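Okay, here we've got a single chain as structure tokens, the form predicted alone, with questions on binding and movement later.
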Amino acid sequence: MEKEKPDNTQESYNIGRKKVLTFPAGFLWGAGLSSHQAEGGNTKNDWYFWEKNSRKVKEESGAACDYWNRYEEDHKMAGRMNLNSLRISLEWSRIEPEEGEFDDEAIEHYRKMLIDMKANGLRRVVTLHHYTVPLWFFQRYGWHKKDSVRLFSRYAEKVISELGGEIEIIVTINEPRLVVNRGYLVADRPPGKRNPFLFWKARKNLVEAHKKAYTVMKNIFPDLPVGITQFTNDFDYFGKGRWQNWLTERIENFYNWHFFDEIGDKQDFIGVNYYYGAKVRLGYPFYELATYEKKVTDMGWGMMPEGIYEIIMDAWERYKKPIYILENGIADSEDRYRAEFICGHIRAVHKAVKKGADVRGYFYWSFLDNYEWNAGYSMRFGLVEVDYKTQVRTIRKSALEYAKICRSNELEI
């Protein structure tokens, strides 16, 4: 006999031999995109310059997914896939193509995009800075210059003044750790510097830029949730011992939580981006990516769904703020593991919810196949396959499995 579904939506119930995990009412089921990766035609930012001049990029972004022109088609598709939210980013170089000169037509275009999202039943999560900055900012300033704080907060104020009424959640900065690590130490992303001194200045300025932007935006829209989202790893150690455990904990604290700690109370939620775990070892390199797992993504990352549970519980115990999983995805060109990846991670998210963590949404990365930075178009993260020659979209089989979860607010296992 079928057991009646309980009122507590965080619990589970059984249907025959199947177990169903239910999520809280109002849970956000979404997917993500970013401006440079999806829009196409962004020629006035640092990444376009980097593609042309660095020789560290597999191919140029070009038209990308042409989301700038095809957003209506894409939003309708997202609605048909039962998503109730979509995360996008605004391209700073479109909004402020020259220093101090704002483009009203670009702002209006973004307004139309946001209104269209709402018309398709999508709650709107908007990122202000998803890796790219205007070319003028790149050439004259950079995050290592103090002026970057003032310039970013001015941009944030313009966005919130013009578009704040069409946004449900604001992310100021996407993955600030990678912005500075890859830009100022590894040097495989703009501005391509290897300078620890500038690295620390840039870290400090990103913290201050967020804090100032947070204050500016909350003064205009006090009830609008504002925060950052960070690339997180669940760290483990090769071997055992107090010293190794202590070291691993210090590394995890710095990599995952330093920015959240530094911005303090100027955040209304904790944004988590999680793809894989890592094992730490002494020596160089300091940590090893989780390629020791049997199932590995096209990026070479091991599939470790249990890690997202550890990250969520750590975030909840530290901050006691609402948590959004704003990126979780897999590069899988043959669509072999994507459904398994999604279900495994959502199951781990439910475990955290059941343990009391206030998780309010899950966003798969990404909605469409798109431009994967240095790797170009070789990595296929999308729920929707994109033929870059014709721009034809095809919903992947794994996306249909995700659509079932989004529709029912449940995971059947």
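Throughout, we count residues from 1 along the sequence that is shown. Please read all numbers here as calculations on a predicted model, not as lab measurements.
Heads up, the form predicted together with a small molecule isn't pictured, but that's what we're talking about next.
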| query | Among Y48, W29, W373, W68, which has any heavy atom within 4.5 Å of the small molecule in the model of the complex? | reply | W373
| Using a 4.5 Å cut on heavy atoms, which of N273, N84, T297, Q267 is close to the small molecule in the model of the complex? | N273
| query | Thinking of the small molecule in the model of the complex, which stretch from 382-390, 58-66, 351-359, 364-372 has heavy atoms inside 4.5 Å of it? | reply | 364-372
| Using heavy atoms and a 4.5 Å limit, would one call N174 a contact residue for the small molecule in the model of the complex? | yes
| task | Flag E91 as yes or no: does it have a non-hydrogen atom within 4.5 angstroms of any non-hydrogen atom of the small molecule in the model of the complex? | result | no
| task | Indicate whether L185 is a 4.5 Å heavy atom neighbour of the small molecule in the model of the complex. | result | no
| query | Taking heavy atoms only, is E96 within 4.5 angstroms of the small molecule in the model of the complex? | reply | no
| task | Look at the candidate spot formed by W143, N181 and Y255 and say whether the small molecule comes within 4.5 Å of a heavy atom in all three of them in the model of the complex. | result | no
